[in-house]
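There is one chain below, alone, in structure tokens, taken in the form predicted alone.
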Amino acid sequence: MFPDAYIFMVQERLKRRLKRICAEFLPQNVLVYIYNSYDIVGDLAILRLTDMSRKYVSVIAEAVMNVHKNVRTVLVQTGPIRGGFRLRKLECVAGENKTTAVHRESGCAFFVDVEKCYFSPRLSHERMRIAKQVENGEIVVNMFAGVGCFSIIIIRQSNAHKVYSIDTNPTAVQSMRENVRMNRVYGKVAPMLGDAREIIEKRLRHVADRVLMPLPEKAHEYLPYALLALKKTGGWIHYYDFEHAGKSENPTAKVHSKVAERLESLTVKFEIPFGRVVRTTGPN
């Protein structure tokens, strides 16, 4: 068995930094209070604002829409990602008052409601990276599938036999079914509503060549069920985790130790051939 360990950390840089976009509209003493990163999901722009920059929200939103001509709605995230479904509260500050969009990535289209489903466009490289590793005829179990991005890109970019795609969020699974239809992957991606532990125990024991665990909050807890989903001959686990690391610490090494200790306690043979920081995230 080969667990593939990856880590989410503190916030990635985008090509068009928000401070640069707003530089000609706002004074320098205001720019220091603006977060540089933001997300574009389809025709939605999602920003985070400080109390100081919130006073200039109309100017900031207009600047973003001027740069991104396809953006029809600007949303502001008013709180951190919370809860089991990893949702965030959003407020429309410009354009159409909506939270749904069709996001295009890697030749695929994904319908998503960004207020009711977790979705990050910043994982596009990671999704393609995984898809390119999938070999002919593989069966994949995606334990935390969301709206189906990893699963559908795998099917469209490889010759995988099937991807079982599990999620506990009914809205996400409903969107996944729509995305299966839009991307014409009927019979290849199987949306499944429920807890991955229960579904694997009842229906997916020893079926997978590869298991995806793209939910850092629960990956460590659910690792025994990822093992249960793998074929008895073994396979790959793509494991994701949050890790805090100081300047002198190696985050991949910390997760390596954490996962190795867990697998040793489960008395399985394993190898961890690769790990990387997928992206950065806020310390909270």
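Residue numbers here begin at 1 and follow the sequence given. Nothing here was measured: the structure is a model prediction, and the numbers come from that model.
FYI, the form predicted in complex with a small molecule isn't displayed, but the following is about it.
- Comment: the small molecule is not present in this chain, but in the predicted complex one of His103, Arg127, Lys162, Arg210 has a heavy atom within 4.5 Å of it, namely Arg127.
- Site annotation in the predicted complex: the residue of Arg156, Arg86, Arg72, Lys188 reaching within 4.5 Å of the small molecule with a heavy atom is Arg86.
- The partner is not drawn, yet in the predicted complex one stretch among 180 to 188, 91 to 99, 129 to 137, 210 to 218 has residues with heavy atoms inside 4.5 Å of the small molecule: 210 to 218.
- In the predicted complex, no heavy atom of Trp236 sits within 4.5 Å of the small molecule.
- Contact annotation: Gln174 falls outside 4.5 Å of the small molecule in the predicted complex, judged by heavy atom distances.
- Although the partner is absent here, Phe150 sits close enough that one of its heavy atoms falls within 4.5 Å of the small molecule in the predicted complex.
- When contacts are judged by a 4.5 Å heavy atom cut-off, Phe111 does not count as touching the small molecule in the predicted complex.
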